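Quick heads-up: it's one chain on its own, the form predicted alone, in structure tokens.
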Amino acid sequence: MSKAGALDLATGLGGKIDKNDVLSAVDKYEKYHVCYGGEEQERKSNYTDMVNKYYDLVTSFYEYGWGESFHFAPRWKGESLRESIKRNQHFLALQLGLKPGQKVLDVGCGIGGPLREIARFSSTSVTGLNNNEYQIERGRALNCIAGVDQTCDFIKADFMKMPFPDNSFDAVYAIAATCHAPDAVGCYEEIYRVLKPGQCFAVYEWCMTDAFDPSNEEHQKIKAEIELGNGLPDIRLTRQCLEALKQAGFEVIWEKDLAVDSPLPWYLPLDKSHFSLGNFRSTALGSLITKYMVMALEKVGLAPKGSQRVQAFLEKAADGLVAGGKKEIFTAVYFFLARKPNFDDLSYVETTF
């Protein structure tokens, strides 16, 4: 079970950053972003530092408020948030056609919530690729608790330069992770390289939709808030992701923005106008309580200086995500399934639903 208490939140804040350096790390992180005068090219050039600082600063907040799986999911009426997240992880495993004993790669695995669920659901061995040392440390501890430490592990590495031989994996997936890549084509090419021919790559991607208008100031503000609050160098359009996949060599089997006909909106857990006892910490009242709790923990020295600032930009991110979802200019659940061609098999047919 994931840690959930206030003291656990406090002791984890800052990740592997020295507690005395958290405030300066927050300063540096914020300056990468448009809201604080940052430039897109600087974020892309320094994405490793930016994303690592982001996850050191926010992982404990994520785990405290969200559990072990840091992603959204399309949701049925009557279904809890955690049920929807598990169902969508199972859906991904089924789309990949996972079979017992296969070797699977989770690109940008966080603390391994999806990794553990998919490994148990499919009886596969899953390797989590992550460039953040603190998240890997947490993930290994949680793997031991879940009993998957003999079949699942983590590798610390940059997903733009994977330390695996060609054709290493039977399947690859990424959940709300490759959106951190400074170059989608380069990231997808690395995934293509390590995937065995004839096998598949599945993704839940974060994207701007075709409704996004770059000349609209409100749209730009929403995009900037999402980038700041989620450690993103930029946010690509769905069609840009699709084109990058093809440039990398993949055959697109099918793709769809799953937000379009979801019975409940993916952003509902963050919508402050919606109250839920099942996900109380992300409601307006729950967020207010967390805000004052973090303030108190920082004041008495249990949480490092700068913790309130992290909580503040995460609040801003939540507002941006909800606004982007409601205006349908952003989606956190763009799904695609792609295949690395097996050139002995020309039976591929592309379908868009």
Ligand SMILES: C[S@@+](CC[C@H](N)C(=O)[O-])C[C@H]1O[C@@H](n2cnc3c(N)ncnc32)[C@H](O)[C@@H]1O
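Source: prediction; values computed, not measured. Counting begins at 1, following the sequence as shown.
Below: the form predicted in complex with the ligand, not depicted.
Residues placing heavy atoms within 4.5 Å of the ligand in the predicted complex fall in a single listed stretch, namely 177-185, out of 90-98, 177-185, 218-226, 256-264. This chain is displayed alone, yet in the predicted complex one of His71, Arg236, Arg75, Lys86 has a heavy atom within 4.5 Å of the ligand; that residue is His71. With the partner omitted here, the residue from Asp158, Glu251, Glu243, Glu137 that has a non-hydrogen atom within 4.5 angstroms of the ligand in the predicted complex is Asp158. At least one heavy atom of Cys109 is located within 4.5 Å of the ligand in the predicted complex. Among heavy atoms of Asn131, some come within 4.5 Å of the ligand in the predicted complex. The closest heavy atom approach of Tyr47 to the ligand in the predicted complex falls within 4.5 Å. The ligand in the predicted complex comes within 4.5 Å of no heavy atom belonging to Pro269. Counting a residue when any of its non-hydrogen atoms is within 4.5 Å of the ligand in the predicted complex, the hits in 32-59 run Tyr47, Val51, Tyr55.
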